[in-house]
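Quick setup: one chain, the form predicted alone, written in structure tokens, and binding and motion questions come after.
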């Protein structure tokens, strides 16, 4: 049985479980593990061909997962370390140079806490494009030309998110777009411990099951880096995953949930703190990456 998740690492774990093994090699999938300061586990998954894409149900590209326990209500030093680790991984995908232009997109709805990661993160990123315009500069050795945009959700704006972002990109003319959004996980413990970075784009609203047009290099005409934190888990996944070993008829239970409309999206009771802490970590990681002369 496949459970819903936006995390490549969880798709790999499900494949291992289905094949009764751990760390099984998959043709077209490269996996590398690392640690940062003995407190952050890093898993880099690279999908290199169509077989790997089919098995992990993800587009070809890189998926980097950072897992760190004790973020919520933890010491500031831990969050600072997480931001540095995030920056190191971002630098693998984004090379700073003195003419770098980046557009940061905060996907989601700031009025719905589990979906507010994107807007809160962008509000904390150091936006600099207005300085470049003010001084008629086209380069700087210490900081990138960064624009920020919070497009809202279609239910509030009446406009397709991807179309708004495409218009913003036409103004900012970025070399790279970084999109920050909430994700869905299979494992409830990952809601307060995990960040995923990918270079394959993102579908706005994927975490809450309300997917819109995809944001990819193909649709936007520029490289798209997605940064996401799982903030929700769907109830069917939560129920069936935790009770799987106790159910005599798992498929029957899944069918009952689907047919009786009892499926819903659930989150942690501490999700407000999760949003605060992870928006701090992600914004700091982005600032360190894009403005090396300021956040060195």
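Source: prediction; values computed, not measured. Numbering follows the first chain given and starts at 1.
What comes next is about the form predicted together with another copy of the chain, which is not displayed.
Distance check, residue 50 to another copy of the chain in the predicted complex, heavy atom within 4.5 Å: No - in the predicted complex, heavy atoms of residue 50 and another copy of the chain never come within 4.5 Å of each other.
May I ask you to check whether residue 242 falls inside a 4.5 Å heavy atom distance of another copy of the chain in the predicted complex? So residue 242 counts as contacting another copy of the chain.
Would residue 123 sit within 4.5 Å of another copy of the chain in the predicted complex, counting heavy atoms only? Residue-level check for residue 123: yes, a contact with another copy of the chain.
Proximity of residue 172 to another copy of the chain in the predicted complex, heavy atoms at 4.5 Å: Heavy-atom contact with another copy of the chain at 4.5 Å: present for residue 172.
Which listed residue (56, 66, 233, 45) meets the criterion of a heavy atom within 4.5 Å of another copy of the chain in the predicted complex? Exactly one residue meets the criterion: 233.
Quick one: from 127, 81, 100, 93, grab the residue that has a heavy atom within 4.5 Å of another copy of the chain in the predicted complex. Selected residue: 127.
Out of 162-170, 84-92, 215-223, 176-184, where are the residues with a heavy atom within 4.5 Å of another copy of the chain in the predicted complex? Result for this chain: 162-170.
Any chance all of 24, 27 and 196 sit within 4.5 Å of another copy of the chain in the predicted complex, going by non-hydrogen atoms? No, because 24, 27 and 196 lack any heavy atom that approaches another copy of the chain to within 4.5 Å in the predicted complex.
Contact set, 90-113 vs another copy of the chain in the predicted complex - heavy atom within 4.5 angstroms: Heavy-atom contacts to another copy of the chain in the predicted complex: 103, 109, 111, 112, 113.
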